[in-house]
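Let's start with one chain on its own, the form predicted alone, as structure tokens.
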């Protein structure tokens, strides 16, 4: 649904985006992570045909962003960090205005507006001026506008930026509800918790370049190494004769039990449990040591700083 190859943008002597190559399938959510100024917003502007690439290309649903900009824009819903709500309008007036911009007929505008206001829980406040809305309600209204023409591609730039925790949670829930087999979403954010909650794939961008990309599990293995497992034993850990299966290494010990690094958990963990039981250990639990997206992100950034 979204495909880029060597996508780049230069402003004078400044290379804002440098060789971005991504591929997002229908139904997937990609989180584009990076610091402020990393190139996330510039990438989104090229994907929406607002900026022409200096080098490389991008296609949305098969349409080229340079050669077919009108078609691309008709397929995309964009939520910018500064979403430009007209505060003197009511929500009904605002969505009707944008429905006209999207060239929807009157009946379709009314139907879609009513559906979206209900979906986002704004119907009760639909005829109040937007200036009276909370931050969370304003963001949900901006999302409603983004969805008004039923686009198959959503590009959301910092969707919960500068929001209080409650409002941010409401917006994240709304975004999670938008996932479908027919809709592809890119979320540009530096909020790692948000990315981990919402995304199927992660791409980390730094100074305009993609450092690494993949699922959280793929990035964890590539950046942090094989999985580790803590084993808790009923009577504590009594080191003795233990025949470890191939690809398993003892990496630590506590009073509760040992920790193992496992190259291939699917193949090795059943054998590891058999070996523990054969040695006389009474296994209560075996749990993978969790690694957060923050750890993964910091590991990727440390490789850049060490280079």
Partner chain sequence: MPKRRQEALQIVWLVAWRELRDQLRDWRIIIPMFILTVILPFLANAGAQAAMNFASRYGTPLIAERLVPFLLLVVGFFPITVSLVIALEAFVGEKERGTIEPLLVSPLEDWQIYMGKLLAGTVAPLITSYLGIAVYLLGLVFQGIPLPDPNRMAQTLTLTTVQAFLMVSGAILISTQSTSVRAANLMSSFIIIPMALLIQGEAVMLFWGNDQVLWLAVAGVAVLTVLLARVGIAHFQREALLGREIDVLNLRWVGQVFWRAFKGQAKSVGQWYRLEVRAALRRQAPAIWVVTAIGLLSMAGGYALIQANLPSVSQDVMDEFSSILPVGVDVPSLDQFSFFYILGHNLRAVVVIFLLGLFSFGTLGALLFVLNTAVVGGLVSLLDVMGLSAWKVAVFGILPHGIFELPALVLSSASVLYVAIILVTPRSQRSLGEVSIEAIAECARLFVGVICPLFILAAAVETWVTPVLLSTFGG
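Positions refer to the first chain, counted from 1. These numbers come from a predicted model, not from an experiment.
This next part talks about the form predicted together with the partner chain, which is not shown.
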So, residue 98 and the partner chain: in the predicted bound form, are they within 4.5 Å at any heavy atom pair?
yes
Using the partner position in the predicted bound form, report whether residue 51 sits within 4.5 Å of the partner chain, counting heavy atoms only.
yes
Is there any non-hydrogen atom of residue 125 lying within 4.5 Å of the partner chain in the predicted bound form?
no
For residue 176, is any heavy atom within 4.5 Å of the partner chain in the predicted bound form, or not?
no
Which of 242-250, 261-269, 65-73, 26-34 lines the interface with the partner chain in the predicted bound form (heavy atom within 4.5 Å)
65-73
Report the residue, out of 111, 103, 234, 169, that has at least one non-hydrogen atom within 4.5 angstroms of the partner chain in the predicted bound form.
103
Of the residues 80, 213, 191, 230, which one places a heavy atom within 4.5 Å of the partner chain in the predicted bound form?
80
Let me know which residues along 1-32 have a heavy atom within 4.5 Å of the partner chain in the predicted bound form, or say none if there are none.
9, 11
